[in-house]
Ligand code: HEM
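In structure tokens, one chain follows: the form predicted alone.
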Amino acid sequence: MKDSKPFEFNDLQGLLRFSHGRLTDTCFMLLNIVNTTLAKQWLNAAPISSASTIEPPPDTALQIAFSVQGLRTLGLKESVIADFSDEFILGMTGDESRSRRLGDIISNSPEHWNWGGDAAHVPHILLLLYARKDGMEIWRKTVEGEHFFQAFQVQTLLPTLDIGVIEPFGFADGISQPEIDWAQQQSTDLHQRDSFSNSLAVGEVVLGYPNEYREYTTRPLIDPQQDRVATKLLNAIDEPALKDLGRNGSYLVIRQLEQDVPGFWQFIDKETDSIAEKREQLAASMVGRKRDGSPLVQPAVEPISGIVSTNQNNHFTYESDPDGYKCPLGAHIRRANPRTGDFPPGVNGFISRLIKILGFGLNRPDDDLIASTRFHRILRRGRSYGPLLAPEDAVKKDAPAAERGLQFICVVGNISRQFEFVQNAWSMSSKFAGVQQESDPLLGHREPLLDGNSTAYFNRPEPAGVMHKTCHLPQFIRVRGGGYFFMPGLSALRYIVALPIDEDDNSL
């Protein structure tokens, strides 16, 4: 379905459209509600930033998201909550099976997290503050205002620190982001989407709109005849008689990832006999890009159908490198975004499509192991923390120790199909794209498989048949916290604030 009306950016929280990248100072607050009445008063007046374009651009921004516990505390009925996704309701640490699939085991286990590890004590609210350089102190005081600390208890202040356009290991970051089809003009017909496209249907990141399957993701729809407060909500596009609590909202995933920067570079330095050129080559092979962001696969000179990007470093696919001779199959960015279409390269016309659909004609063992990328993209909005440590200094034995890492944030329309699929099937899988006994060289936890085989390998093949095998990879990244949140549209936020308060819940 195509909506001919202009997109309602004034009802959308700004983080879904903008990365707020020029607002370098950030403060991420995890809050618990201790007084529901005062919390709703603050929420009602909070200057939440919309996705509308403002000229000149504002110097500050404020975004908000709620855990399922937070929505319950604010009075949302269980019958309404039941229509959110199971992943959101159960939470990131809701069961051991989910933790195992996400790689949250052993040292990554929730029991070792700094926050969010105990499902019973997941924070109610995630508050994201952004400001221009040196403007955070004033902005935070403005946001908090009167009675803030009577309404909320600050469970944790997540560390953040601007280190520029790189991530803590020293590689250019934020290059590969999907383009959202806000005008809703792109077809989602699989016969027109054979090859990789960087453009995504709105419903992949925003609830209440068609996704890449041309379907509406399940979300809470409310009968206004049964709920007088629901008049504050927008109508559901697919069910106009009902009000849509999810419309213009998204699921927000956050994970605090601690990065061992000295450990990463010192391991690579040892593996390459401290030869600078080889050190850079091995590190780039593991990441999938050089430090300046250049992909290991040559960017296309001519336009690629479906790829619209102003960044040349994002203008490529892996069609010319099916065996991973240039960018290893197990490289981090290749796992995170395989850049595949609905059919493998070279498939065109009815007959070749039918052959693949029936599972015949598989020339390579990994031909059908990677699903079409467009069904599993995420929109990243994370920020780094900890002091900058250049690779040239990190290789030194006396490299300064410090907590460094990434507050990984992504927004999606479907937690299971998008974030959890990428994390489980691509990042943590030891059989991604046909590789064996290796998980993501950056994110992997290195724990052995059930049969006892190690996953602490990284393989780099050459056309001549030589396989360069890096063994005994240590764990470079550890999870230190995480949670699933709902970032509502602004009309949905007004509905939540207007819900009646149980007298017994005024002081929790």
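Everything numeric here is computed off the predicted structure, so don't read it as measured data. Heads up: residue numbers just count along the shown sequence, starting at 1.
We do not show the form predicted together with this ligand, though everything after this point is about it.
For the marked spot (I175, N337 and I378), a heavy atom within 4.5 Å of this ligand in the model of the complex is present in each of the three residues. The stretch among 232-240, 164-172, 322-330, 83-91 whose residues place heavy atoms within 4.5 Å of this ligand in the model of the complex is 164-172.
This chain lacks the partner; the member of L30, I477, A65, A39 within 4.5 angstroms of this ligand in the model of the complex by a non-hydrogen atom is I477. Site annotation in the model of the complex: the residue of R289, R374, H124, R247 reaching within 4.5 Å of this ligand with a heavy atom is R289.
Put simply, Q184 is far from this ligand in the model of the complex: not one heavy atom of it is within 4.5 Å. At least one heavy atom of F419 is located within 4.5 Å of this ligand in the model of the complex. Under a 4.5 angstroms non-hydrogen atom cutoff, this ligand in the model of the complex has Q259 among its neighbouring residues.
Using a 4.5 Å cutoff between non-hydrogen atoms, F267 does not count as a contact of this ligand in the model of the complex. The partner is not shown here, and in the model of the complex the stretch 95-113 never reaches within 4.5 angstroms of this ligand through any heavy atom.
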